[in-house]
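Next comes just one chain, in structure tokens: the form predicted alone.
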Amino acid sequence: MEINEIKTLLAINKIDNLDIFFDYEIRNLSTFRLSGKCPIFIIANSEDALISLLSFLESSGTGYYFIGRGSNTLIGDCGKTVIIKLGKKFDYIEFNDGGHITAGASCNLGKFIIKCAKNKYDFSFLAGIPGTVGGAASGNCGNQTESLCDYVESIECLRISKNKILKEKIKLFKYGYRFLKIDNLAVITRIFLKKDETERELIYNNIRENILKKKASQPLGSFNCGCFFKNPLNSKKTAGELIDSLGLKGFSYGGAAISIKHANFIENYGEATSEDIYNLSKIIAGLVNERFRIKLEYEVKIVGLEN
């Protein structure tokens, strides 16, 4: 089905609690702040609306992609892909006895960290990482010693089975370095966590220290999407160290450049296009593979570009 047909059907078959935007500016969807248009962008403001939307998209064979804050996503020519975001209905945190925490998937990760700290739960290892709780869970964000999924007891999500949308609470799932595996996953809607209490002042100190470390070593003030590549598991060096050892800091392609501050960050320093950033990433990966025989994997999600 062509994109204009999809637009027409969405306009005619109105679904309550959906905010639908046509030809939406991509710069508003990603922290790369790139120019370009997304044919269809939708904010789902209720679970029923989300299920109805996914049922429509699945039945029409329309591709879709869920986005949080866009802090880990490179969006190109979306073509027929519909970009979906979870709205305020999915933005909440609840604290219960025994260290049990429930968080909606669209909850801002920074807000989550601070509210948990106020309740004596230490998620300071996530401090300085932009995004949403759902995005952090799907990418299993963390540091070298701990990650968010270490504390996740179960995940509520929507899954696809024979073109049907199933709401399920998953207790057994696979996760590891920068990945979470749930078969036939459409979207995470909320997560359930368990954490022991810690002294509040200690948590605040940890948050401040982690943010200062990131400010010192990462280009937090520029238009980027964080670390572009995963650290290779078959190397003693990180992705940034491998790239830096090739003298690539500052190397540019079009309006995109490798950060002077951290070699695993690609920045939009001018009027970069998504193709500029994607092509630069291909050059980086090619040079690292040529020199070290290591194939870098993307940590940033690529949407609408050949991967």
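The numbering used is simple: start at 1 and walk along the sequence shown. Everything numeric in this text was worked out from a predicted model, so none of it was measured.
What follows is about the form predicted in complex with a small molecule, which we do not show.
Enquirer: Tell me whether T73, A105 and I188, taken together, all sit within 4.5 Å of the small molecule in the predicted bound form, counting heavy atoms only.
Expert: Yes.
Enquirer: Exactly one residue in K214, K80, K195, R159 has a non-hydrogen atom within 4.5 Å of the small molecule in the predicted bound form; which is it?
Expert: The residue from K214, K80, K195, R159 that makes the contact is K214.
Enquirer: Heavy atom within 4.5 Å of the small molecule in the predicted bound form: which of K237, R178, K115, K89 fits that? Just give me the one.
Expert: Contact check passes for R178.
Enquirer: Verify the contact flag for F66: yes if a non-hydrogen atom of it lies within 4.5 Å of a non-hydrogen atom of the small molecule in the predicted bound form, no if not.
Expert: Within the cut-off, so yes.
Enquirer: Report yes if any heavy atom of P232 sits within 4.5 Å of a heavy atom of the small molecule in the predicted bound form; otherwise report no.
Expert: Output for P232 is no: heavy atoms all beyond 4.5 Å of the small molecule.
Enquirer: F41 near the small molecule in the predicted bound form, any heavy atom under 4.5 Å?
Expert: It does not: once the small molecule is placed as it appears in the predicted bound form, F41 has no heavy atom within 4.5 Å of it.
Enquirer: Indicate whether Q218 is a 4.5 Å heavy atom neighbour of the small molecule in the predicted bound form.
Expert: Taking the distances in the predicted bound form, the answer for Q218 is yes, it comes within 4.5 Å of the small molecule.
Enquirer: Going by heavy atoms within 4.5 Å, which of 204-212, 159-167, 132-140, 91-99 lines up against the small molecule in the predicted bound form?
Expert: Result of the contact check: 132-140.
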